[in-house]
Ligand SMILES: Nc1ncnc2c1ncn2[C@@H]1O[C@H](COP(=O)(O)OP(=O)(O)O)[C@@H](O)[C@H]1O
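Quick setup: one chain, the form predicted on its own, written in structure tokens, and binding and motion questions come after.
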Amino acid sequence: MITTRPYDNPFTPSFGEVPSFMAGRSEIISNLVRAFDSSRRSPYLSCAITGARGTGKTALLSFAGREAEARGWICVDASALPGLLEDIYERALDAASHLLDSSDSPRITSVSMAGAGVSWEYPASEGGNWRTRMSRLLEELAEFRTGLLITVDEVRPDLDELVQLVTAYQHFVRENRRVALLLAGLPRNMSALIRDESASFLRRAQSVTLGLLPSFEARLAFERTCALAGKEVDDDALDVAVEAAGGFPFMVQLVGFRMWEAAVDDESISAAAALEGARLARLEFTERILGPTYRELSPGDRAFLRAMLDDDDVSALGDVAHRLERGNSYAAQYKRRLLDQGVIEEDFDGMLRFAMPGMREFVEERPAKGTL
């Protein structure tokens, strides 16, 4: 757990920051920690983590990296961008510099007294492709009984280097290297990557989907985070905060941050401070999460969401298809797209509901054929 000075704001509504209290993620965290500790290979050393924006994917990667480093692993954090492979290699060399012989400077072997010059000895060229260089690095780390964790955020199925990484990683695993790979991204991007035949190894990786937090977990997150920083929260304030967050991990941090600021000079957070924090958080959430998500939706996606507005809470696919004046198979395509993007969710009975807090109201405010 991370502790702070009294009255410092302990909430972290910033990209990738690890919260003081990781609510609702105890199972995956426990599995990852055991995997890093184990002398045998765990399925959780190869993990595909998905979830909508704001569900804590990046924070989980950061947390996993800290836990791995605490157990002696070398950790490399990367983003799915051009230059990915070399970035991973260079970062791994840098992170392991305290273990590896990184001397790469030429040295003098002789000096000619006749003025002919100086003879130099240069280190052998690394040579080989990325996979062979990484294999040599992993061999050197193995001498210290050290593993390498690679985390890649915001996976993109159109990035060839990401496919190359997954392919090479498969060989590292088969060669019994002590290596782990955690990938995180939006469901639709992860699904597209896994469908690539060259990355089919990921179909056997551990799949983790980050969704909404149960109300008791969100409440615990508010309580524990405030307590760690030395401030109490009134019960009524907790009720307000939990309702405003809607179980969305990013909103927990955002509501918590804003209500703390509203009561920054007080010994406890009141319901009034929580209400003000919730109001400001909703405005910010709309700008940072709902707006960008909605802009990426196709006209068909948006039409599906508007067809759900006629229902009070949950929607049946058949009713949505009827309102769209289309067949169930047509509507099912858009249902899958919206599920993959984390905009809606489906319960065990096949009923659909909005998954992102405030998205229903956001869609209601949009013109039927417009954008933002």
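Quick caveat: nothing in here was measured; it's all calculated off a predicted structure. Just count from 1 along the sequence shown to find any residue number.
There is another form of the same protein, the form predicted together with the ligand; it is not shown, and what comes next is about it.
- Only one listed stretch (330 to 338, 56 to 64, 311 to 319, 31 to 39) carries heavy atoms within 4.5 Å of the ligand in the predicted bound form, and that stretch is 56 to 64.
- When contacts are defined as a non-hydrogen atom within 4.5 Å, none of 230, 237 and 256 contacts the ligand in the predicted bound form.
- With the partner omitted from this view, the residue of 250, 260, 73, 169 that lies near the ligand in the predicted bound form is 250 [heavy atom within 4.5 Å].
- Although the partner is absent here, residue 25 is a contact residue: one of its heavy atoms lies within 4.5 angstroms of the ligand in the predicted bound form.
- Residue contact with the ligand in the predicted bound form: residue 357 places no heavy atom within 4.5 Å of it.
- Taking the partner from elsewhere, residue 364 is found to have every heavy atom lying beyond 4.5 Å of the ligand in the predicted bound form.
- The ligand is not drawn, but in the predicted bound form it has no heavy atom within 4.5 Å of residue 9.
- In the predicted bound form, 12, 13, 14, 15, 16, 17, 18, 19, 21, 22, 23, 25 are the residues of 12 to 43 with at least one heavy atom within 4.5 Å of the ligand, listed from first to last.
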